[in-house]
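Take a look at this one chain, the form predicted on its own, written out in structure tokens.
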């Protein structure tokens, strides 16, 4: 029997953002009998970078994977509550998951390139939604490779296999592939964890550039990265939101001792 979640009131330290792009209300997740997320109430601002932080097993990846419903495919997954994106409930108002995942793109920890050419990887998602002329294909490839600062590195080898690229290049290619379908939100699950420090910084610089046009939700264990690039921080511990707010307040004047301890010492007694 599925346990009944207890109602919790989670304090929200609201930054001065003009609008909220994604928010959840009393959102819960179970994997069979394991209660992973407990009454999650979060607000993600439109545009800018929100870093979702917390110790391993706190539910960070489960949360962002619920936003575009990738968790639906996990055996034993059950959710309760709501996640809304631009006024629509992602679980009840999106019957076609292809549309949802076009609007909310995702990049994973390990680069997931297809055994195809570099250009075919960029166009992979777009080709599923509409027919493109040769000229349109060339424009889209260049446009999106430039967007991730990869064009100069690969413009002379677009027909080469994407697997021939370095891991850092592959990760930027995955971001280019996601951008090509014109999403409104980018979900990134530890996108720099499997790449070298130089590539990691290049991806950070890319995200800082993209945040002007996209809502970016980033799961990370790297607190220094959070302090470098976040506009907004959500701190999860043991499946609950402990605190959320703009970076300056969260880092310098958090409301909870758990937040202060984790952001300063990377330690949390959950």
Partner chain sequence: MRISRLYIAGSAIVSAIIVLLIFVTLIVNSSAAVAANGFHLFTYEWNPAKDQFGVLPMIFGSGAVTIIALCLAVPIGLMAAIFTSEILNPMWRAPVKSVLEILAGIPSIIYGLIGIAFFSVWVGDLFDLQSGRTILTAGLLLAIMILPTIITLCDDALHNVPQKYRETAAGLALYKYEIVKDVLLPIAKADINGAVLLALGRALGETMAVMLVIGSIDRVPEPFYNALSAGQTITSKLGREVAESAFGSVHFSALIFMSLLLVAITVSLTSLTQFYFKQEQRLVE
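These numbers come from a predicted model, not from an experiment. Numbering follows the first chain given and starts at 1.
The protein also exists as the form predicted together with the partner chain; that form is not presented, and the subsequent description refers to it.
Contact annotation: residue 223 falls outside 4.5 Å of the partner chain in the predicted bound form, judged by heavy atom distances. None of the heavy atoms of residue 210 is located within 4.5 Å of the partner chain in the predicted bound form. By the criterion of a heavy atom within 4.5 Å, residue 113 is counted among the residues contacting the partner chain in the predicted bound form. Contact annotation: residue 101 falls within 4.5 Å of the partner chain in the predicted bound form, judged by heavy atom distances. Using a 4.5 angstroms heavy atom cutoff to the partner chain in the predicted bound form, none of 43, 83 and 237 count as contacting.
Of the listed positions (152, 128, 88, 157), a single one reaches within 4.5 angstroms of the partner chain by any non-hydrogen atom in the predicted bound form, namely 128. A single residue from the set 192, 169, 144, 178 has any heavy atom within 4.5 angstroms of the partner chain in the predicted bound form; that residue is 178. Only one of 131-139, 144-152, 192-200, 69-77 lies within 4.5 Å of the partner chain in the predicted bound form by heavy atoms, and it is 69-77.
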